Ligand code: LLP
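This document opens with one chain alone, in structure tokens, the form predicted on its own.
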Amino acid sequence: MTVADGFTYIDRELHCGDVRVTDIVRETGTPLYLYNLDAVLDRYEQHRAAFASFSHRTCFAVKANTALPLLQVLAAAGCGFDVNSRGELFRAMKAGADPRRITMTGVGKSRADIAAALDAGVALLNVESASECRLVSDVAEERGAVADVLLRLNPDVETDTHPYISTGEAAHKFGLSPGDIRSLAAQAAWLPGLRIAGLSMHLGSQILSPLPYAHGLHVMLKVLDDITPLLDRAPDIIDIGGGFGVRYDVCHGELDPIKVAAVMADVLGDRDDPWTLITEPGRSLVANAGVLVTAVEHVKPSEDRTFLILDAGMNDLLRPALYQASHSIVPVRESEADVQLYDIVGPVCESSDTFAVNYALPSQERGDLVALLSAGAYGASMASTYNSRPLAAEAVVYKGEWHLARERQSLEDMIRGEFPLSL
């Protein structure tokens, strides 16, 4: 039985590809993030195929998952990357990324971020304010270069997603209004260090309908038609961002990129503009190809419920505490034990350190393993050492073999670079 991308039960044992999860955990311990890279590549190829009728470039959103082996296999497959900082750029380059297929996004890029991008030869910078345009132009001029930029449009499009991950409405900090973009285009001659190569937008995350993309593209085309006469060279790039929703549990669907491509084609109609379309999928490529494997530390009955206390906490997987997100939870070994209802929690000293309430699982005991599914996106990349809990290990399965991607952080590693007083 398949439970996630690349994860199945074989002989009642959860496998990642053909490898038993328990065999990996025996070597790595828990908590453990585990990714099926073959499944990630399958999702990438499906995404690429969905937009094959366009002149199209896929740029994986590195913020979703920064594991070097994962970035490596995507780079080797020809995928581009969208980075939000010089740190993410550093990771992508270490993974073998082609800088000509990298975009840099971010509402607060520093001079150091911009300089790193230009020095690396990054293809495009998504800029989000007049202040940033001036800074990009200045840094590029210092290098005798001209930076290609996309002006990030805030199309004021509402999406049916969690407010913390909605980014395309006027009240949000991201992007520029159509009026701001027209003003910047009119001033482009005063910014000799940059060229406006096109427009971008990012409506948010976990979007389950293609309609917001259609609405956003309508606004984008109107703005492009408005600013093109003001520029020396016609813009030729449209970046619609990412945010394609995935299935986290049986109550939710997912957004097929074919549907997004279809509404893009409908909106563009018979226009023959020579645009390149960029998409920035993150979650949709990796979420369901990763799990967080964790061990039961304690079973704690109380007056009206039973707590299942895991060795993974909100510092390892923040999404449930931050977004009230739900992750399906399955036993690593299937069991015929009676089903019990548990409040499934972590060991962190916060009441929000809760993964599920009244959740049905076969009866569990201390030492049993469970897997939180759909943890391949915004899991390890958002993890912290809160409560001085070391970062979890990460492992991957690729072409039938498993490999350690990141060793478990030691206590000494956790305080490396700190300097106690000499008392």
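What you are looking at is a predicted structure, and each value in this text was computed from that prediction instead of being measured. In case it trips you up, residue 1 is the first one in the sequence shown, and so on.
The protein also exists as the form predicted in complex with this ligand; that form is not presented, and the subsequent description refers to it.
Triple contact flag Tyr323, Tyr378 and Met382 to this ligand in the predicted complex, non-hydrogen atom at 4.5 angstroms = Checked in the predicted complex: all three residues contact this ligand.
message = Only one of these stretches, 136-144, 256-264, 238-246, 189-197, has heavy atoms within 4.5 Å of this ligand in the predicted complex; which one is it?
response = Single hit among the candidates: 238-246.
inquiry  = Asp316 versus this ligand, in the predicted complex: is there a non-hydrogen atom within 4.5 Å?
reply    = Flag for Asp316 set to no.
This ligand contact in the predicted complex: Gly175, any heavy atom under 4.5 Å = Answer no; every heavy atom of Gly175 is more than 4.5 Å from this ligand in the predicted complex.
ask   = Would Arg389 show up as a contact with this ligand in the predicted complex if we use heavy atoms at 4.5 Å?
value = Result no; Arg389 lies far from this ligand in the predicted complex.
inquiry  = With the partner left out here, check for me: in the predicted complex, does some heavy atom of Val396 sit within 4.5 Å of this ligand?
reply    = No - in the predicted complex, heavy atoms of Val396 and this ligand never come within 4.5 Å of each other.
task = Taking 4.5 Å between heavy atoms as the contact cutoff, choose which of Gly216, Pro210, Pro331, Gly282 touches this ligand in the predicted complex.
result = If I apply the 4.5 Å criterion carefully, the residue I get is Gly282.
inquiry  = Which residue, Asn154, Thr294, Ser205, Asn288, is the contact with this ligand in the predicted complex, using a 4.5 Å heavy atom cutoff?
reply    = For this set of options, the contacting one is Ser205.
request  = Could you list the residues in 74-88 that come within 4.5 Å of this ligand in the predicted complex, counting only heavy atoms and keeping sequence order?
outcome  = Contacts from 74-88: just Asp82.
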